[in-house]
Ligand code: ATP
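In structure tokens, the next block holds one chain alone, the form predicted alone.
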């Protein structure tokens, strides 16, 4: 934090609907600032496909430096399907930041908000409140850009290391303990893997078991990823915190977002030992860009996650309270009947933002 105790936030609006959902999130944070003892300093910076088109780089060195110096990083959404690197991969500064700052813990909460439709029968009565923790720098993604392709075959390499896995599991156990302490859950943690087939996942599970011995107060379980997928769509209310390899987390976090109304409702964070990026799970949605249709809820909830992380990092009780205030405001707005366009409603970006600000 800076000398005047203002929390310095790097703001990367990005591409497509990224800047459109970022604006309401910043309004919410300014409202928090006006009604609490928290102070913020926002610095906006370029990143994404449009910046690549203009300069040949996904983000300038000044953006990376800003992110390094800031207390936290808020990111809208980056990348456009039509803009690609020469190897035909998309422009993804959000992934580059994960590797640059060693943001090994991808945190993807999935909480069913009152009034939001879920495809799972009975979910509205039983509730869904779980967290997918996705290792974000290794696994199959360690091979990104390094795969080998010949005329007859293609190969990618999955990587699991002790250094990253041990930190990931410590983070996961602490998160399970914090959720239980707040009355959010029973404090359970499941390791999701494919240890019955691959040596790498058996190694992953071994390290999970070692971490479990250091946290005997946390109830643990182990599930193969295929069985976990089947159970998630049958009984999502039975799940609490799950930790898994990068590619499994990439897939299951999108699935759990689908259980709670879709990507427009799903916040996320990529967290390391020093830095953290907070962003909605959704993409840039260029098909609705500039039309006022984008749902800012996931971005607003990502800002709330940022406050919770800052509270834990700096011992700021007021930031914990601010996070809870934002979540309650979002809950109230949906319980009162707001209906985003992806649910067949007529409420766009401005309607949802205005309602959340009023509820605050």
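Positions refer to the first chain, counted from 1. Remember, predicted model here, so these are calculated numbers, not experimental data.
The next section is about a form of this same protein that is not shown, the form predicted in complex with adenosine-5'-triphosphate (ATP).
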Selected contact from 251, 83, 263, 195, since only one has a non-hydrogen atom within 4.5 angstroms of adenosine-5'-triphosphate (ATP) in the model of the complex: 263
Going by heavy atom distances of 4.5 angstroms or less, which of 124, 287, 209, 170 would be at the interface with adenosine-5'-triphosphate (ATP) in the model of the complex? 287
Heavy atoms within 4.5 Å of adenosine-5'-triphosphate (ATP) in the model of the complex: does residue 272 have any? no
Report whether the minimum heavy atom distance between residue 134 and adenosine-5'-triphosphate (ATP) in the model of the complex is within 4.5 Å. no
Should residue 12 be counted as a contact of adenosine-5'-triphosphate (ATP) in the model of the complex, where contact means heavy atoms within 4.5 Å? no
Using the partner position in the model of the complex, report whether residue 17 sits within 4.5 Å of adenosine-5'-triphosphate (ATP), counting heavy atoms only. yes
In the model of the complex, segment of 287-295, 327-335, 307-315, 29-37 with a heavy atom within 4.5 Å of adenosine-5'-triphosphate (ATP): 287-295
For the stretch 334-360, which residues lie within 4.5 Å of adenosine-5'-triphosphate (ATP) in the model of the complex by non-hydrogen atom distance? 342
